[in-house]
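Form predicted alone, single chain, as C-alpha coordinates, below.
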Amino acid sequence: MPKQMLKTALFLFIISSISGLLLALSEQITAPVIIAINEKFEMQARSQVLPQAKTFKTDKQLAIGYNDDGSIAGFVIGVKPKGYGAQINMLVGINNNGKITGTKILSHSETPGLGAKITGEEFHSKFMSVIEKNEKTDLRVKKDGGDVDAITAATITSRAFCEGLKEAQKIFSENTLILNTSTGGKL
(Lines give C-alpha, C1' and ligand atoms only; values in the text may rest on other atoms or scores of the structure.)
Protein backbone atom coordinates (compact mmCIF):
# COMPACT_ATOMS: atom_id res chain seq x y z
CA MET A 1 0.00 0.00 0.00
CA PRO A 2 2.72 2.59 0.86
CA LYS A 3 4.49 1.77 -2.42
CA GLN A 4 1.29 2.47 -4.37
CA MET A 5 0.81 5.82 -2.54
CA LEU A 6 4.40 6.79 -3.35
CA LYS A 7 3.86 6.02 -7.05
CA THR A 8 0.63 8.04 -7.08
CA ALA A 9 2.32 11.00 -5.34
CA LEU A 10 5.27 10.86 -7.77
CA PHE A 11 2.89 10.71 -10.74
CA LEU A 12 0.93 13.72 -9.43
CA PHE A 13 4.17 15.61 -8.81
CA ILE A 14 5.36 15.02 -12.38
CA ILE A 15 2.00 16.02 -13.90
CA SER A 16 1.86 19.15 -11.71
CA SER A 17 5.42 20.12 -12.63
CA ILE A 18 4.77 19.72 -16.34
CA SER A 19 1.51 21.71 -16.04
CA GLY A 20 3.26 24.50 -14.13
CA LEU A 21 6.06 24.63 -16.70
CA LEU A 22 3.56 24.82 -19.59
CA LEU A 23 1.61 27.59 -17.85
CA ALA A 24 4.78 29.60 -17.23
CA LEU A 25 5.87 29.14 -20.84
CA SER A 26 2.49 30.19 -22.25
CA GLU A 27 2.45 33.25 -19.96
CA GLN A 28 5.89 34.24 -21.24
CA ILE A 29 4.68 34.00 -24.81
CA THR A 30 1.33 35.74 -24.37
CA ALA A 31 2.27 38.51 -21.88
CA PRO A 32 3.99 40.81 -24.44
CA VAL A 33 1.08 40.40 -26.86
CA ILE A 34 -1.47 41.26 -24.16
CA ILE A 35 0.56 44.30 -23.10
CA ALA A 36 0.76 45.54 -26.70
CA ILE A 37 -2.98 45.11 -27.20
CA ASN A 38 -3.74 46.96 -23.94
CA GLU A 39 -1.40 49.82 -24.91
CA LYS A 40 -3.09 50.14 -28.30
CA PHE A 41 -6.54 50.15 -26.63
CA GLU A 42 -5.42 52.85 -24.16
CA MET A 43 -3.99 54.97 -26.99
CA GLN A 44 -7.31 54.79 -28.84
CA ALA A 45 -9.14 55.65 -25.61
CA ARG A 46 -6.86 58.68 -25.04
CA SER A 47 -7.71 59.93 -28.51
CA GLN A 48 -11.42 59.51 -27.76
CA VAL A 49 -11.40 61.46 -24.48
CA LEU A 50 -9.11 64.24 -25.75
CA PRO A 51 -9.83 64.34 -29.50
CA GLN A 52 -8.01 67.64 -30.10
CA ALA A 53 -4.64 66.06 -29.18
CA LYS A 54 -2.59 64.50 -31.95
CA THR A 55 0.19 62.94 -29.86
CA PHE A 56 0.61 61.98 -26.21
CA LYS A 57 3.46 61.82 -23.76
CA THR A 58 2.48 59.39 -21.03
CA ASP A 59 3.44 58.83 -17.46
CA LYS A 60 1.83 56.26 -15.14
CA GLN A 61 -1.42 58.08 -14.40
CA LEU A 62 -1.18 61.14 -16.63
CA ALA A 63 -0.83 61.65 -20.37
CA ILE A 64 -0.18 65.09 -21.80
CA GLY A 65 -1.86 65.60 -25.16
CA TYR A 66 -0.16 67.79 -27.73
CA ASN A 67 -1.49 69.66 -30.76
CA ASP A 68 0.23 69.46 -34.15
CA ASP A 69 2.25 72.60 -33.33
CA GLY A 70 3.63 71.03 -30.13
CA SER A 71 1.47 73.07 -27.74
CA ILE A 72 -0.37 71.29 -24.95
CA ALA A 73 -3.95 70.39 -25.89
CA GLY A 74 -4.86 68.98 -22.49
CA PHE A 75 -4.48 65.96 -20.30
CA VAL A 76 -5.76 62.42 -20.09
CA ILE A 77 -5.83 61.19 -16.53
CA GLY A 78 -6.29 57.61 -15.41
CA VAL A 79 -8.24 57.06 -12.21
CA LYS A 80 -9.60 53.98 -10.43
CA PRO A 81 -12.49 54.87 -8.12
CA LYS A 82 -14.09 52.13 -6.01
CA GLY A 83 -17.38 51.05 -7.56
CA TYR A 84 -19.97 48.56 -6.36
CA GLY A 85 -18.10 45.47 -7.55
CA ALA A 86 -14.48 46.64 -7.54
CA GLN A 87 -12.39 49.44 -8.95
CA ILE A 88 -13.55 51.17 -12.10
CA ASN A 89 -10.55 51.78 -14.35
CA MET A 90 -11.32 54.93 -16.34
CA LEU A 91 -9.70 57.71 -18.36
CA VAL A 92 -10.79 61.34 -18.17
CA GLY A 93 -9.85 63.94 -20.80
CA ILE A 94 -9.46 67.52 -19.56
CA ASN A 95 -8.57 70.49 -21.77
CA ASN A 96 -6.28 73.37 -20.75
CA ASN A 97 -9.22 75.28 -19.29
CA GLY A 98 -10.01 72.44 -16.88
CA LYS A 99 -13.13 71.33 -18.77
CA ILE A 100 -13.81 67.61 -19.11
CA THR A 101 -13.68 66.65 -22.79
CA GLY A 102 -14.56 62.98 -22.43
CA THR A 103 -14.52 59.83 -20.35
CA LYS A 104 -13.78 56.22 -21.15
CA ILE A 105 -14.26 53.19 -18.93
CA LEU A 106 -11.39 50.79 -19.58
CA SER A 107 -12.52 48.03 -17.23
CA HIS A 108 -14.98 47.40 -14.40
CA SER A 109 -16.67 44.66 -12.40
CA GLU A 110 -20.05 46.33 -12.00
CA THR A 111 -23.33 44.41 -12.07
CA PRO A 112 -24.32 43.43 -15.63
CA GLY A 113 -27.47 45.26 -16.73
CA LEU A 114 -27.20 47.82 -13.90
CA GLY A 115 -23.82 49.36 -13.05
CA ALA A 116 -22.36 48.07 -16.30
CA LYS A 117 -24.47 50.73 -18.05
CA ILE A 118 -21.67 53.12 -17.08
CA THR A 119 -19.92 52.05 -20.29
CA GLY A 120 -22.94 52.73 -22.48
CA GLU A 121 -23.35 55.57 -24.93
CA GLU A 122 -26.60 56.71 -23.28
CA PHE A 123 -24.92 57.39 -19.91
CA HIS A 124 -21.92 59.03 -21.56
CA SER A 125 -23.96 61.32 -23.80
CA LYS A 126 -26.21 62.38 -20.89
CA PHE A 127 -23.15 63.13 -18.81
CA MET A 128 -21.41 65.11 -21.56
CA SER A 129 -24.57 67.17 -22.19
CA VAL A 130 -24.60 68.12 -18.48
CA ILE A 131 -20.94 69.16 -18.75
CA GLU A 132 -21.60 71.27 -21.86
CA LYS A 133 -24.69 72.99 -20.38
CA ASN A 134 -23.10 73.99 -17.09
CA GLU A 135 -20.13 76.32 -16.73
CA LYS A 136 -19.30 74.78 -13.35
CA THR A 137 -20.76 71.27 -13.05
CA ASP A 138 -21.37 69.84 -9.58
CA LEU A 139 -19.86 66.39 -10.02
CA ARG A 140 -22.21 64.58 -7.68
CA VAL A 141 -25.27 62.53 -8.46
CA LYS A 142 -28.60 64.37 -8.24
CA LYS A 143 -29.56 62.27 -5.21
CA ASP A 144 -26.64 63.97 -3.39
CA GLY A 145 -27.51 67.46 -4.68
CA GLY A 146 -25.30 67.40 -7.78
CA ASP A 147 -25.87 67.67 -11.53
CA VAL A 148 -25.21 64.08 -12.69
CA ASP A 149 -28.13 61.70 -13.35
CA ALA A 150 -27.41 58.40 -11.60
CA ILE A 151 -27.98 55.14 -13.40
CA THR A 152 -31.23 53.68 -12.09
CA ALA A 153 -30.53 51.07 -9.38
CA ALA A 154 -26.78 51.75 -9.66
CA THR A 155 -26.22 54.82 -7.50
CA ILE A 156 -22.99 53.45 -6.02
CA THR A 157 -21.53 53.04 -9.50
CA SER A 158 -22.67 56.52 -10.49
CA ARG A 159 -21.12 57.99 -7.34
CA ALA A 160 -17.87 56.16 -8.09
CA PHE A 161 -17.89 57.63 -11.59
CA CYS A 162 -18.30 61.13 -10.11
CA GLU A 163 -15.54 60.48 -7.57
CA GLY A 164 -13.26 59.44 -10.42
CA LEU A 165 -14.00 62.70 -12.23
CA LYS A 166 -13.27 64.75 -9.11
CA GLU A 167 -10.02 62.84 -8.58
CA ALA A 168 -9.03 63.54 -12.19
CA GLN A 169 -9.77 67.24 -11.74
CA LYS A 170 -7.59 67.27 -8.61
CA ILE A 171 -4.72 65.61 -10.46
CA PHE A 172 -5.21 68.11 -13.32
CA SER A 173 -5.03 71.06 -10.90
CA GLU A 174 -1.89 69.73 -9.22
CA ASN A 175 -0.11 69.09 -12.51
CA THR A 176 -1.10 72.33 -14.22
CA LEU A 177 0.23 74.19 -11.19
CA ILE A 178 3.56 72.39 -11.61
CA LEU A 179 3.58 73.01 -15.38
CA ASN A 180 2.65 76.69 -14.95
CA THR A 181 5.47 77.14 -12.46
CA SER A 182 8.04 75.37 -14.63
CA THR A 183 7.01 77.13 -17.87
CA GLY A 184 6.68 80.63 -16.50
CA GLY A 185 2.88 80.65 -16.33
CA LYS A 186 2.29 79.20 -19.82
CA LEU A 187 0.80 75.82 -20.46
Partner chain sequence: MNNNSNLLHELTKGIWKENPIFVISLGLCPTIAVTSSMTNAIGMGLSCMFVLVCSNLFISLLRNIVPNEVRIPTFIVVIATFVTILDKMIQAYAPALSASLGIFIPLIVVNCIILGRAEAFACKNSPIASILDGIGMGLGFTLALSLIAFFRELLGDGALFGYKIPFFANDPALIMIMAPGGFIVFGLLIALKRTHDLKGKFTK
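Residue numbers count along the first chain shown, from 1. It should be emphasised that the depicted structure is a prediction, and the values quoted were computed from it without experimental measurement. Take the two forms, find the largest set of C-alpha atoms that superpose within 1.5 Å, and that set is the rigid core.
Here the subject shifts to the form predicted in complex with its partner chain, a form of this protein not shown in this document.
Against its partner chain in the model of the complex, the set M43, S71 and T155 makes no contact: no member has a heavy atom within 4.5 Å.
Put simply, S26 is close to its partner chain in the model of the complex: some heavy atom of it is within 4.5 Å. Its partner chain in the model of the complex comes within 4.5 Å of a heavy atom belonging to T30. By the criterion of a heavy atom within 4.5 Å, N96 is excluded from the residues contacting its partner chain in the model of the complex. From the list 47-55, 121-129, 30-38, 138-146, the contact stretch for its partner chain in the model of the complex under a 4.5 Å heavy atom rule is 30-38. Along 93-127, a non-hydrogen atom within 4.5 Å of its partner chain in the model of the complex is carried by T111, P112, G113, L114, in order along the sequence. Core-superposed comparison between this form and the one not shown: the C-alpha position of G145 differs by less than 2 Å. Once the rigid core is used as the reference frame, the Cα position of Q44 differs between this form and the one not shown by less than 2 Å.
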